[in-house]
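Encoded as structure tokens, the following chain is the form predicted on its own, with no partner shown.
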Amino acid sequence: MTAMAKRHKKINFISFEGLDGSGKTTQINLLAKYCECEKINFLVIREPGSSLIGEKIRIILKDNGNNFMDAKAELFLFMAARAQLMREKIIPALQKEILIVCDRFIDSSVAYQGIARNLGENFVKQMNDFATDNIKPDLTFFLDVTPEIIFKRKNKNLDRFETEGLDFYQKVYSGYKKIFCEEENKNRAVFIDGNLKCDEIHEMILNKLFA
């Protein structure tokens, strides 16, 4: 039986979530290599980004020179990038049944802006629904690494978000845990210990998607 035949028919859109430095990008790259080898039609995208407008917004959001940015402005920029990504990439890919692999999506906004920035969880959820036409991932992999471990992994080249203090990241981490334990999200959330070896995590992801 081929990998294409084994692919779960109900899984067309997956997202990866976790704190900065939790290993999301590594796992996405490993998954992409697997899909290439097995000739699975897939699309890797990131938030904010993966569109001309989104990439320009990404530069603004991550620029350390913009540390004065208001939390509401930050949220609206993320939503603008997300709306454009939906129109240009996600909706067309869903229509073609291409496997979408997204580095961050709606849950990041709820955790970072809604909870950690105190803009309100429900308000951000409403903004997400508006920007995405209520489209959500079929599965979300949460790479569970605590803020304390993340801070030990940090390098010197930090962007605007990565320069936030431990207190901020503890709020984000708690926010993620709250989000994925809510009834509306429990069925799509997959908790993975981000401290496991890369190969072990990769194998768990493949088993969930293709077994």
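Please read all numbers here as calculations on a predicted model, not as lab measurements. Quick note: we count residues from 1 along the sequence shown, nothing fancier.
There is also a form predicted together with a small molecule; it is not shown, and the following applies to it.
In the predicted bound form, segment of 141-149, 178-186, 30-38, 45-53 with a heavy atom within 4.5 Å of the small molecule: Looking at the partner contacts, the answer comes out as 45-53.
I'd like to know if residue 63 sits close to the small molecule in the predicted bound form, meaning any non-hydrogen atom pair within 4.5 angstroms. No, residue 63 is distant from the partner.
Evaluate residue 70 for contact with the small molecule in the predicted bound form, applying a 4.5 angstroms cut-off between non-hydrogen atoms, and reply yes or no. No.
Using the partner position in the predicted bound form, report whether residue 195 sits within 4.5 Å of the small molecule, counting heavy atoms only. Output for residue 195 is no: heavy atoms all beyond 4.5 Å of the small molecule.
Could you confirm whether residue 121 comes within 4.5 Å of the small molecule in the predicted bound form, counting heavy atoms only? No, residue 121 sits far enough from the small molecule in the predicted bound form that none of its heavy atoms falls within 4.5 Å.
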